[in-house]
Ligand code: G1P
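Presented below, as C-alpha cells, is a lone chain in the form predicted on its own.
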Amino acid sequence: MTMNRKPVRKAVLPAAGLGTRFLPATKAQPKEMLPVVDKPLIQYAVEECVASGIENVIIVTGRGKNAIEDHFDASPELERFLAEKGKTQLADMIRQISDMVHISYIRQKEAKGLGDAVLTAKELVGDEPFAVLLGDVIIDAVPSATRQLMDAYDATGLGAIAVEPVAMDQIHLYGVVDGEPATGPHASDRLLRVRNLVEKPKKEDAPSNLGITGRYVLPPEIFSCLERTTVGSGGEIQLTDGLRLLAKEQGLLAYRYEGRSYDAGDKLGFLKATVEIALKNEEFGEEFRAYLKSLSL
C-alpha cells in the first residue's frame, strides 16, 4: 500500500429497506433481524466486518428498525440474569455482540434505493475509502470476501466489487459486469477492469455471466458519482448507476472472490442459506444431515 493511500477502516451496511419479499414476517420486525439458524441476518455481515479488520460499522436504518440497534446494544440485565443462572457462556456471548466493533447509525428518511442509502452515510464515512456489505448476502470465505476486496484496493488504489458466475436463467436478478482482464503488476485471473455495468438485464442482453455479489470497497469519490446519479430502475437511485460513473471517471475493478455465497434476500434463498449453514454447525450439523436424509427415503 502506498504511503498516502488511506486504509479501509469503515463499512456501510444498508438496512433501511421495507423487506416486502418476506411479508408478513417483516410486518413488525426488520428483515435484517430474521434468524438464519441462531443469528440474525445482519450479524453475519457485522462479523465479516470484524474478520476483515474494519474498525467502524455504519448501519443505515429507517423507521421500524429499532430492533437492530437493540441487538447490538449492551444488555446488562440479560447478562446479569444469565450469570445468576450459571449460564456464563451465554452471558459472554451476549456481551461480545455489543463489544465486537464500534457501530454508528444513520437514518435514510425514505427508501429510495441502494445508491441513496450509501449516499446517506457520506458524512459519517468522510473522505476515505470504505466497504459496503449487503446484509441479505452471507458469504462463507477465508479470508472474507470483504478482506479480499480490501487487499485489491490496497494493491491498486481502485474501488473493487465482488462478482461471481451466475446461471443465465438467474442473471436478470443481478447487476452484471462487462469487464476485461486487468493489466499491470497486480493483474490476476480473478481481477477484471470494469467497462460497464448493467442492472438486472435480460439474459440475451447480459454482457457476461458475472453478477455483483453484495460486497464493495469504494473510494470516497463514489459519493460525488451518486450525487450526480438520476433516478433509475424502479424509481430509485441505483448504486449500479453510480458505479458505472465511477468506472468511467476513476476506474473500477471486479474481483471474482474465493468463497461461497448464500443469497438470503428472498424466501427460497433464505431457506437454502438456513439449511446449508445449519449443516455446517458443529453442535447439530450431522444430526440435521441425518434428518434431511431420512426425509428423502
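Just count from 1 along the sequence shown to find any residue number. Owing to the predicted nature of the structure, the values given are computational and were not obtained by experimental measurement.
Another form, the form predicted together with 1-O-phosphono-alpha-D-glucopyranose, is not on view; read the next lines as being about it.
Chemist: Is there any non-hydrogen atom of residue 240 lying within 4.5 Å of 1-O-phosphono-alpha-D-glucopyranose in the predicted bound form?
Modeler: Contact check for residue 240: yes, within 4.5 Å of 1-O-phosphono-alpha-D-glucopyranose in the predicted bound form.
Chemist: Residue 107: heavy atom within 4.5 Å of 1-O-phosphono-alpha-D-glucopyranose in the predicted bound form?
Modeler: Outside the cut-off, so no.
Chemist: With heavy atoms only and a cut-off of 4.5 Å, decide whether residue 134 touches 1-O-phosphono-alpha-D-glucopyranose in the predicted bound form.
Modeler: Close contact exists here: in the predicted bound form, residue 134 approaches 1-O-phosphono-alpha-D-glucopyranose to within 4.5 Å, heavy atoms only.
Chemist: My question is simply whether residue 175 lines the interface with 1-O-phosphono-alpha-D-glucopyranose in the predicted bound form - judged by any non-hydrogen atom within 4.5 Å.
Modeler: Residue-level check for residue 175: yes, a contact with 1-O-phosphono-alpha-D-glucopyranose.
Chemist: So which of 112, 87, 200, 186 reaches within 4.5 angstroms of 1-O-phosphono-alpha-D-glucopyranose in the predicted bound form, heavy atom to heavy atom?
Modeler: Exactly one residue meets the criterion: 200.
Chemist: Identify which of 150, 212, 103, 82 has a heavy atom within 4.5 Å of 1-O-phosphono-alpha-D-glucopyranose in the predicted bound form; exactly one of them does.
Modeler: None of the others qualify; the residue that does is 212.
Chemist: All three of 21, 216 and 263 touching 1-O-phosphono-alpha-D-glucopyranose in the predicted bound form at 4.5 Å, heavy atom to heavy atom?
Modeler: Every residue of the candidate spot has a heavy atom within 4.5 Å of 1-O-phosphono-alpha-D-glucopyranose in the predicted bound form.
Chemist: So which stretch, 151-159, 217-225, 118-126, 167-175, is the one near 1-O-phosphono-alpha-D-glucopyranose in the predicted bound form (non-hydrogen atoms, 4.5 Å)?
Modeler: In the other structure, the partner sits against 167-175.
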